[in-house]
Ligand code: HEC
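Taking the form predicted on its own, here's one chain by itself in structure tokens.
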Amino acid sequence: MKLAGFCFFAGSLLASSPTFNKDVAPIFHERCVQCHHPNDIAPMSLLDYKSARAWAKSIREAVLTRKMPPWFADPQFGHFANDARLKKDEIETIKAWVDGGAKEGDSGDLPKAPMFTEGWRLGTPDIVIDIGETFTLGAGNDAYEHFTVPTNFTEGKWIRAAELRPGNRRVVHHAHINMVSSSTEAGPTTIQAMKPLDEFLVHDGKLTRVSMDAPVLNDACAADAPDLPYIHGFQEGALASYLPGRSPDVFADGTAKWIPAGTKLEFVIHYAKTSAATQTDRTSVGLYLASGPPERPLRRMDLRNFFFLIPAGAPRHEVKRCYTFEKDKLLLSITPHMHYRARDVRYDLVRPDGRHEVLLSVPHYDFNWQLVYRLQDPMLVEKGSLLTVTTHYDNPNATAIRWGDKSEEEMMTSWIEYVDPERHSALQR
């Protein structure tokens, strides 16, 4: 009787082990296939059993170690609407599925797969604008290129989202789109627009870096910090950005961005060097129109410290940038941007009454996954509050490192989306 009971129990376990169609596909559809579908950024599709089954052991390892889905915010601080972490029961289901033989299950249990527009993660755009030419990139070189193209808008438009689509993902490392009025104007995110920096810069073709002889300011928050360009206040941000692992720009409900009539779009694209043969690219942007004027227009402020220096061989070298809020703002998201040597980044806020909170901590920054962290709820930050951004870098090289365009050089940038607290339900531009 005991043996029979054991056999029955074992049979019950076998029968109840998860299957792809019933248990795993719903998790993949909700959590993974936005990237893991054909012709997108992920190396394999998880939309169907055959494609997923070949990667079962790798999937198990990736979810158990929380390598996938990528998410780097310390859970002790902040709550984020786009938190990609799998829940504990989702991880256990995937583990049990693989351990149980990664079975397919009954085809009738398979939910309908999400539909994706070829090449566009947000679906078919209302308007598509590309860089206006097929650009050719020679092997072995980094390049920063600027392409300015007309929108041909005869009237202004409110947009609720923008998706930058690389024409060649092998070479487009990151890109920004600025709104400009003419083909000779440099957009706000470009070094060309930052004329006060000119005396501190070295130009190498179309690449730029801060000179080794420029003043050094690792702690831009220090009371005795010299008055160098762009270490106070903020700079206007781009219309949209593309970064490794970063989701498209989807603006919060009740917000939108305004593109005036006659605007031109400046595409600023970092092409990463490649040892392969000559490559071509024709990057484009998809614009998604809002139904009308928003309650609040969306803004982006960029915070940078251009003047740090990371000594040769330095471990955990600290760099800071501070910003004092000149008026009340509702914060919506934070995106840190550094390069290979960045180790961590943290955003500390001290309010006028002395209250301190950590808005975001990324203890293990990954250059390959430059995520936007969207706040669960808009955060009101009062005038006079002090935001401190602290980053650490590891430099094992025998030479010092300064700000520069190349991935082998470094940056210290934060992009913060915000709106004014006041509603503008009847706003017109």
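Start at 1 and count along the sequence shown; that's the residue number. Only a predicted model underlies this, so the values are computations on that prediction, with no experimental measurement involved.
Unshown form predicted together with the ligand; subsequent notes refer to it.
Among residues of the shown chain, residue 369 is one whose heavy atoms approach the ligand to within 4.5 Å in the model of the complex. Heavy atoms of residue 396 never reach within 4.5 Å of the ligand in the model of the complex, leaving it off the interface. Taking non-hydrogen atoms only, residue 44 approaches the ligand to within 4.5 angstroms in the model of the complex. Although the partner is absent here, residue 392 lies well away from the ligand in the model of the complex, with no heavy atom inside 4.5 Å. For the residues 387, 381, 35, 375, the 4.5 Å heavy atom test against the ligand in the model of the complex is passed only by 35. For the marked spot (135, 146 and 172), a heavy atom within 4.5 Å of the ligand in the model of the complex is absent from each of the three residues.
Along 46-63, residues 46, 55, 58, 59, 62, 63 each place a heavy atom within 4.5 Å of the ligand in the model of the complex.
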